[in-house]
Structure formats: C-alpha cells, structure tokens
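One chain is shown next in structure tokens, namely the form predicted alone.
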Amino acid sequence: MQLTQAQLDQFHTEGWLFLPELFTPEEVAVLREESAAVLARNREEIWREKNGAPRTAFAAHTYNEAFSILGRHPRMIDPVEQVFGEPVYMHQFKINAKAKFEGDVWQWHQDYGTWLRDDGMPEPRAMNISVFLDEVLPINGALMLVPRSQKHGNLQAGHDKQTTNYPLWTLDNDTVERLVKDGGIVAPTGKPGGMLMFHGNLVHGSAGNITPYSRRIVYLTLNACSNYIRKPTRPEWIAHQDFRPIEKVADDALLKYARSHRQAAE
C-alpha cells in the first residue's frame, strides 16, 4: 500500500493523516473479539485505570495470533516505510481502551518525548499508526491532535505520575494554548477499520469517556531500523529491543485468519 503525493503532503504539513475504513468489517470483527479477550486477561502487560477499567494492553502481538498478523500487516507497515524511506521495526504495540463510563484522560503530550527520555531514541523517526476497533465519536474520548505542532520539535515536559496510572511526560497548559493558537485542534473520528498515523512530535491528548460507547484503538509504534533505541529503561514488553525489520504478511492474511477463526467457532 502506497500513499498518494497529496496524502504525503498532508502528513508532512499537518503532522497527521487519517484513512477511513481501511480494514474491512470482517477483519475488524475478529480484532474486536480478540481485543475483548485480551483486555479481560490478568497479565503484567495489561494496565488498568485507578477504577479498575482496562486502559492499555501492551505487546498483544506477542501472545495473540490476530494481533501478531496485524502487527505485520502491509496496510500498516508500508505507509511508514514510505515516509521514512527505510525498513521499520516494532518499538511498541498496544491496545488502548476507553471503557464506557470509566475511560480516563490522556494528558497533552508528545510521544517522542517519552521515546527520547525513557528509551534513548536518537531522533523522531518513529510514529504511531493506529486502527479503530470501535467507532470513534466526538463524544467518546476521541484523540485530539494539534496540527503542525510537530514543527516545534521536542518540547519541555514534566513527568506526570499522579493523574492516571500511566506515567507520562506531559506539556503545561501555556505551551498547549500557544500551539493551539497556531494550529487549532482536530479530532479524527470514524467507523471501525479507519487508520490514523501521526508524527512522533505531534501534540495530542484525549478526554475521559463518560458515554455508554466504548472506544478501542490499536497502536503500532514503528521505528526506523537505523533509529533503534540506545538506552532503554522500560520493560522489553513496553519498549521492544528486537530491532530487526518487520517481515510483512500477505495483504489478505488477516481476512484468512478471520474466516478460519469463524469456521472453527461454528
């Protein structure tokens, strides 16, 4: 899968790109089913909100076949390799959940700030690329992005260990307000199967979810192989240390898995 020049131009200018319904309902259905099973498990890789609701399931691609396929899927890998101009490896894999009524906030932050400070990543040549498993609505904790904020580079941040159960390098209100005056705020929404990609320095965050509509998104953090992390401080299942290029599966691999999974259930 290759991005068009117009799509590349938007990504480089605005810092983000959304591709609606890139995965089919049949492919998404099996990922939804598998994500529910993963988030219900009791593993060290699965972090929960202070109220007990699931927040993040790390490294599901290492113990779940459906997510192993997704983590090697060309529709997710090819666009990033096209932007970076080289092979990529999996720096991080996670399922982020905003449970209905109970999903907590993600404070304003840049991802590269964490990758630099906690993992020793030399440059912002990694990015998050994600697929919606539930419909993302303006009301159920949609991810908010500050367009063009990636052009300001790595910003000063504080290490917030109090707001949620997930420690995060966060930006102060004055910084966010200044950036928003320049770029505004957008919140990409769409049906299950949509795919979002955004620059590692793009400022983003999300509000809590007090609606009866759950919101699950799978994130692949893909890093250019030449940009491998130098000083990891986090567990390997959070910041992976296998720097080999991802070996992609066939484009129909997830569809084949979904059909075989359904047949086995019948």
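The first residue of the shown sequence is 1; numbering continues from there. In this text the structure is predicted, and so the values were computed from the model without any measurement.
Beyond what is shown, the protein has a form predicted in complex with a small molecule; the following relates to that form.
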Report the residue, out of Y219, Y213, W237, Y63, that has at least one non-hydrogen atom within 4.5 angstroms of the small molecule in the model of the complex. Y219
Among Y112, F93, W106, W169, which has at least one heavy atom within 4.5 Å of the small molecule in the model of the complex? W106
Heavy atom contact within 4.5 Å of the small molecule in the model of the complex, the stretch among 93-101, 150-158, 72-80, 181-189: 93-101
Give a yes/no on whether N227 approaches the small molecule to within 4.5 Å in the model of the complex, heavy atoms considered. no
Report whether the minimum heavy atom distance between N201 and the small molecule in the model of the complex is within 4.5 Å. no
Spell out, yes or no, whether the shortest heavy atom distance between S35 and the small molecule in the model of the complex is within 4.5 Å. no
So in the model of the complex, does any heavy atom of V136 sit within 4.5 Å of the small molecule? no
